[in-house]
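Encoded as structure tokens, the following chain is the form predicted alone, with no partner shown.
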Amino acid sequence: MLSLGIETSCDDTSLALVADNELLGQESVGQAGMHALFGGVVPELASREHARCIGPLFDRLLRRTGVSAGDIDVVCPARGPGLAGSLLVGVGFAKAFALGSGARFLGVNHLHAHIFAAGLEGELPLPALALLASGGHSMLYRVDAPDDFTLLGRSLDDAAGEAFDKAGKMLGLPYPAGAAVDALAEEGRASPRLFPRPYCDNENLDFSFSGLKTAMWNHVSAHPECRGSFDATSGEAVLPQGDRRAALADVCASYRLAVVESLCCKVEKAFTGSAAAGVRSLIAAGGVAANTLLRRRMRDIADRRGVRLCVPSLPLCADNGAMLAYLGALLAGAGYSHPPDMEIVPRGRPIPDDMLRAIHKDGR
């Protein structure tokens, strides 16, 4: 099964080919530099950039892998959630390719693909508990199969990645700020009491990070000396030095600790409930899964619970076409596809379970 994955859900254009669970090649272009000038993704600019890049990336992918377009069995774009204009570019390209080549067409849930990304690099024992933490989503799932996800908890307001990015903006760091906050936090000393652990004093598995952002705003307002600055002309952060840099690093370390402990407290609670019955692995996925402290804390949880930790390498934590190609191949191998009139699903709407499944002669 040769699968083409197409990622255009937000501001990364990425196409990848996967055959027999092996990544043959991937071509990607990010837009962070362009959107940094605005402190966040501008949807219209993002969709235009996807439209400009997707064709050349596809041509380059075929050249570098030596694959012919006619060899591709299934084309798997991100169906959603995401920015409507961005999703339309990738899905439109996939539909046109399927129509012209005869390949099967299958829209993939972007969130589910993140969770299966680690499967490209090693065994992914199921059932699993999976934490998905990214710029747009904070979700907790039980995963029993590539087509069997049970949502256990989700963010009631902001996502963990958004909490990092907005805090970084308050601290004068460039967008996206998650990596910068993490790097500075490694230099600093975390104060466990500087920031709250929002929405942890309950029994459910949902998340909330809006109050944590407010706490950061209040701290920065009271301590402006801990801020850096962002030079829009060069696109670079101008960080303070000496004692001011140490203060900034301590704030980043304390804030990172609060976000990570808020995520991990819900993972711990999930292991005490019925959803953990028979679980063989713990998965961390999404952009925030690249966070140094979160990876360490998830390792601790997995070791204590006696399950395998599955975390993608750093490139596969970000939005990428490989994860879509991989999960799409698994689903296509089980007989799933979509009709050509499949619709995209922008962020904020549930993705329907409307895949079609071929029925074999033996009734399977």
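When you see a residue number, it is the position in the sequence shown, counting from 1. In this text, all values refer to a predicted model and were calculated from it rather than measured experimentally.
Keep in mind that the form predicted together with a small molecule is missing from the display, and what follows is about it.
- The candidate spot formed by 110, 177 and 290 lies fully in contact with the small molecule in the predicted complex, as each residue has a heavy atom within 4.5 Å of it.
- Though the small molecule is absent from this view, in the predicted complex it lies within 4.5 Å of a heavy atom of just one residue from 161, 188, 172, 146, which is 161.
- This chain appears without its partner; in the predicted complex, the one residue of 198, 80, 136, 119 with a heavy atom within 4.5 Å of the small molecule is 136.
- The candidate stretches are 247-255, 128-136, 219-227, 275-283, and the one lying within 4.5 Å of the small molecule in the predicted complex by heavy atoms is 128-136.
- Taking the partner from the other structure, the small molecule in the predicted complex has no heavy atom within 4.5 Å of any heavy atom of residue 54.
- Although the partner is absent here, residue 318 sits close enough that one of its heavy atoms falls within 4.5 Å of the small molecule in the predicted complex.
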